[in-house]
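Here we start with a single chain on its own, the form predicted on its own, put down as structure tokens.
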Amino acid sequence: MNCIIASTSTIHGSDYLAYLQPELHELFKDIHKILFIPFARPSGITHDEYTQKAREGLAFLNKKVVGIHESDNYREAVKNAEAIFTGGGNTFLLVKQLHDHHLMDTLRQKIESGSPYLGTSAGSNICGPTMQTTNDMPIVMPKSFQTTGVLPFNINAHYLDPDANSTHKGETRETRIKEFHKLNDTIVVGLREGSWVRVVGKKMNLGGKLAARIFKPNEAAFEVAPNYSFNELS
């Protein structure tokens, strides 16, 4: 496989995808056209508008970017794509549409075949076995929480650490993930903003400058440093 599975598309003080530019040059160096999947679209914008945002964010690559919604046959579009970018937004919305259009297995097969894949936020959440550790609200009901499973662990994108000075008494991200582990045994990687999982072949490493937090059932959570090999988890 050849993937960048990123916690976010945009970090504070930076433009859309700007912090990933060096990595994206490498990921997409040998391709000419990128298929963009806008199904998780952020609130208030259309698929066309979201695709244009992706097109502008990737303009530095001088590649053609087309939206999957512009195709007459979505499955053929995925099968024939040189490379794929799935953008962020709402994971429930993304997963519902991927299942409704019978694309989840097709997308998995495409990623596993080695076609370059970029996921950000919701587009990264679909890389684990399920979407059950997303932070998003269930604004729609997908027919299944099952996702591509190209990673052997779930992602919690935009992972936030507890604020020791906060007066907020609601559940932390860590608490929510521990709740997940009361009924599920999938390992979860808390991926902080500005971090990504870089997959090359069978190797999976932590990219960026920040540590990630690892959650295993019935064990204390622990931190791993940049360049950590996630292969140690499997």
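Since the model is a prediction, treat every value here as computed from it, not as a measurement. In case it trips you up, residue 1 is the first one in the sequence shown, and so on.
Although it is not shown, the form predicted in complex with another copy of the chain is what the next lines describe.
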{"query": "Another copy of the chain contact in the predicted complex: H69, any heavy atom under 4.5 Å", "finding": "no"}
{"query": "Non-hydrogen atom contact K203 with another copy of the chain in the predicted complex at 4.5 angstroms", "finding": "no"}
{"query": "Any non-hydrogen atom of K209 within 4.5 angstroms of another copy of the chain in the predicted complex", "finding": "no"}
{"query": "4.5 angstroms heavy atom contact with another copy of the chain in the predicted complex for F92", "finding": "yes"}
{"query": "Partner-facing stretch of 39 to 47, 26 to 34, 57 to 65, 195 to 203, counted where any non-hydrogen atom is within 4.5 angstroms of another copy of the chain in the predicted complex", "finding": "39 to 47"}
{"query": "Another copy of the chain in the predicted complex - contacting residues of 9 to 24, heavy atom within 4.5 Å", "finding": "T10, I11, H12"}
